[in-house]
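Single chain ahead, by itself, as structure tokens, in the form predicted on its own.
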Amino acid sequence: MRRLRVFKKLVLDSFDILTKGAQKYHLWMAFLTATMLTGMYCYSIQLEQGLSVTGMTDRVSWGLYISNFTFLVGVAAAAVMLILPTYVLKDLDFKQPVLIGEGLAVAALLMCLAFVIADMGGPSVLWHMIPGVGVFNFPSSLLTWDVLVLNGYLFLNVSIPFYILFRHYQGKEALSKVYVPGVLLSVFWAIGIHLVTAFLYQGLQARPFWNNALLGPRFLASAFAAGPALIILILAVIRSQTSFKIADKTLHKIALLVAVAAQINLIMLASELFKEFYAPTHHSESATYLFFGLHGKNALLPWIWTAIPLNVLATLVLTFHKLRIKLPILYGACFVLFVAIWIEKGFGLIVPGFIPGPYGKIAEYLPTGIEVGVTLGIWAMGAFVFTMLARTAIAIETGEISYKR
């Protein structure tokens, strides 16, 4: 009964803290709400008229939705870069931002699920993925593995921070014997969610652009670069707008992780380019279309030739210690790297895999306004959820709300 009373008071205190704040906070939440409503309106049009309102066709059946899904799986997995040094290596410099990273993982996973629902056409077909009700095809289908690892990782990233914050709300320390086993499991699970997603593409033999043994490791490298880069940007905002202070040393350590991951990602990119273009075959046509165009079709050229220079520039800046320790330069490099990997891992990975088609026909893809509206609405939903989670966690960690008060 006492735990129930504490939980009820935690809910009331959290609601109170979420409905109060400075003008900037209310403007931010209002902006996210307006964007979500716009996305819902665009989604209602898609539900009414079907996927024909998107730029996807029977030839290019994965577009902006699956591109964002693939990218956000990496953002969710990147939380392990804070979890591992905090709970396993006992590095106290990562203790403060680790709950922020886990909150970001929860928001990213919810966005992943929302993008899958949008790509399937609507929630009415989700029953196909329910074991015992639909045709789950476990364990032969890699898609069912993806469903399991995503939902399992979501459960771990909800339950572990909730237990820690619930104990801190009562003025008690979290018992390591309770949450450490889940933490260790989440470390391996984080790697698993991204590898399983990569295996979804690698296992399609008819798509040579994805049928690449390096795809899985490169997924991890790009995720461990873009995810912590986003965390640094979020921590910069939290430092400037709240009383929850993050030490410069912590940002510098995370920046070093980003720099190493970005360097590995570039090395793997160079390896893929060598493989595709040093001795090209007819299987190199997808890469040729992406980087140079094919038969006069070149819709993706501006995207990829924006992403690669930005990727190289950000990696070079992060490589030099004297530049990396200057926070304004660090923030700029992290933003540029995040955008570059979003382009490269989205349009630069998903769309070219369908071009050219099985009979050599080139059907180009560009997203429609409806797709863009739904996508922005889902990103706004993720930001809305993360803002609520982070605001509550910060209030508990700073003692602004507690059971004793």
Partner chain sequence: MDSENKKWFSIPLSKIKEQVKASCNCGKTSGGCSSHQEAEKDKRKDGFEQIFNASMDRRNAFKQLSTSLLLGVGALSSSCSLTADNETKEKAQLNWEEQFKGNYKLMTPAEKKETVERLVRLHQLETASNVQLSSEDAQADVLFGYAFNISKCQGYMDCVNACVKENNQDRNSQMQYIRIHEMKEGAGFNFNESDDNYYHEVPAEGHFYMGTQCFHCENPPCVDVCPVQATWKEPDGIVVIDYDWCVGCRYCMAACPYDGRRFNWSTPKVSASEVNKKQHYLGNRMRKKGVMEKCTFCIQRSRKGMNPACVEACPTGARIFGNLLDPNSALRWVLEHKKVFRLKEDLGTAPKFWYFMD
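Positions refer to the first chain, counted from 1. Just so we're clear, the structure is a prediction, and the values are computed from it rather than from any experiment.
Below, we refer to the form predicted together with its partner chain, which is not included among the displayed structures.
Undergrad: Which of 204-212, 310-318, 233-241, 77-85 has heavy atoms within 4.5 Å of its partner chain in the model of the complex?
TA: Selected stretch: 204-212.
Undergrad: Answer yes if any heavy atom of Phe155 is within 4.5 Å of a heavy atom of its partner chain in the model of the complex; otherwise answer no.
TA: Judged by the heavy-atom cut-off of 4.5 Å, Phe155 is well away from its partner chain in the model of the complex.
Undergrad: Taking any heavy atom pair closer than or equal to 4.5 Å as contact, tell me whether Trp127 reaches its partner chain in the model of the complex.
TA: Trp127 belongs to the contact set for its partner chain.
Undergrad: Report yes if any heavy atom of His26 sits within 4.5 Å of a heavy atom of its partner chain in the model of the complex; otherwise report no.
TA: No - in the model of the complex, heavy atoms of His26 and its partner chain never come within 4.5 Å of each other.
Undergrad: I'd like to check something about Met120: if you look in the model of the complex, is any of its heavy atoms closer than or equal to 4.5 Å to a heavy atom of its partner chain?
TA: Result yes; Met120 sits at the interface with its partner chain in the model of the complex.
Undergrad: Suppose contact means a heavy atom within 4.5 Å; in the model of the complex, does that hold for all of Thr19, Gln96 and Tyr331 with its partner chain?
TA: No, the candidate spot makes no contact with its partner chain.
Undergrad: Taking its partner chain in the model of the complex as the reference, which of Val339, Met36, Val372, Leu47 has a non-hydrogen atom within 4.5 Å?
TA: Spelling it out, the residue with a heavy atom inside the cut-off is Leu47.
Undergrad: Identify which of Leu143, Ile191, Leu256, Ala174 has a heavy atom within 4.5 Å of its partner chain in the model of the complex; exactly one of them does.
TA: Contact with its partner chain in the model of the complex is made by Leu143 alone.
Undergrad: Taking heavy atoms and a 4.5 Å limit, what residues of 333-369 are near its partner chain in the model of the complex?
TA: Heavy-atom contacts to its partner chain in the model of the complex: Phe354, Pro358, Tyr359, Gly360, Lys361.
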